[in-house]
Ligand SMILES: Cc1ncc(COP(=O)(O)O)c(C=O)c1O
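Form predicted on its own, single chain, as structure tokens, below.
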């Protein structure tokens, strides 16, 4: 699958350990001087050893005048491991990689074909570049209220309608584990003479285990971004952008990465990418095979808890879904009258179990090689405890209302079936696609003169700001889009739920900024 020659090397990690052991007198940043000046509470929080490794590559790992080429060597090894011609380490997360790729392939007025459920980083890239989005709607799994993925036929239609498009972007896997047909999309994009670029933030692990869905570069993508910190051993913010020469100008991509990255990258983040890559090449097949077994056990046992349902592989039959990553667990307790937010809070409060994310219907959990039988036992026991207490609460409520003591549990394909009958408020936009009507480019709208209007008065106006529920960071409204009645209704319901949003000046969603007529 990749060249194993020298893949046991970890040049950045080795250099970090060497520097920390050298007892160097540090007259460089940061100001705490390898922990010597750090406040006691910070030392307690992150540890002395972490502070002793808190320095940048230019003033620690490499000499300021004569570089040893450590980063270049580590990036070459990573490119080989992930199946690309070039790789760039990122310390600003996959966000900066997505933005660099947008800027590398498109400029003002250019068209890019993108999924409507793209991460907010792609929208920011459109604002930076001045490019125009051609949106493709993803399939939405109605029972779960989550986007599946973009159907290939939708991308084909966009290519036919916009033969001048500069690239096709796709997100795969999705936040809930749905994988697009990257191989087919690559063939269609290449037939049109343009690159396919994959936001594979949640798929850094795919290349390293034969039991997992195919990774983007193996499937024919021209470039991808993948987060080494999400499911691998990278420190938070560790990510990597990968590209093959040909349809992507790799020199321009390098320039964009340098423009968007900090000039003071943290050495431990870079070293963690280096070590995570070596770990995966050496032992990824075994580690992820074990994780898959744990995820399968968790899915089976959670599915036996009355009132709990868990998203499973059969849902991948939805249009646009080619495969499914089973290490992503989406769990619903809607049959017990609990929103995803309430389920998250009960897990934290009652069992000290923390989830990856929560939405109005579900919680999302990650299972990785860092898990064990004990951690899965703890998760299942926590969900069982919530189910029992929630069932008792629900029974008392329904009895007080003179209704049946317990609703019939929903089927696995439709966990939230009785949600509305239990008074569970679910925003419309989570169970059906919202209409998108672009009126001007995101860049033009973002920099336009705006005025503030009440949400009720915003229908028909052009948005001057973005509204992004977070997590997972997928825009509901982007600058330049005309605000429809359906979008306004979603935002009203989201406000009632107290949905956490990024982007708008008024996070209560009582008002919106719209482009001045």
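Numbering follows the first chain given and starts at 1. Just so it is clear, the structure is predicted and the values come from calculations on it, not from any experiment.
The form predicted in complex with the named molecule is left out here; the points below concern that form.
- Interface residue among 441, 351, 384, 92, judged by heavy atoms within 4.5 Å of the named molecule in the predicted bound form: 92.
- For the options 201, 168, 242, 333, the residue carrying a heavy atom within 4.5 angstroms of the named molecule in the predicted bound form is 201.
- At a distance threshold of 4.5 angstroms between non-hydrogen atoms, residue 175 is in contact with the named molecule in the predicted bound form.
- Although the partner is absent here, residue 229 lies within 4.5 Å of the named molecule in the predicted bound form, judged by heavy atoms.
- Under a 4.5 angstroms non-hydrogen atom cutoff, the named molecule in the predicted bound form lacks residue 275 among its neighbouring residues.
- At least one heavy atom of residue 121 is located within 4.5 Å of the named molecule in the predicted bound form.
- Partner contacts here mean any heavy atom within 4.5 Å of the named molecule in the predicted bound form, and among 193 to 201, 214 to 222, 358 to 366, 276 to 284 they occur only in 193 to 201.
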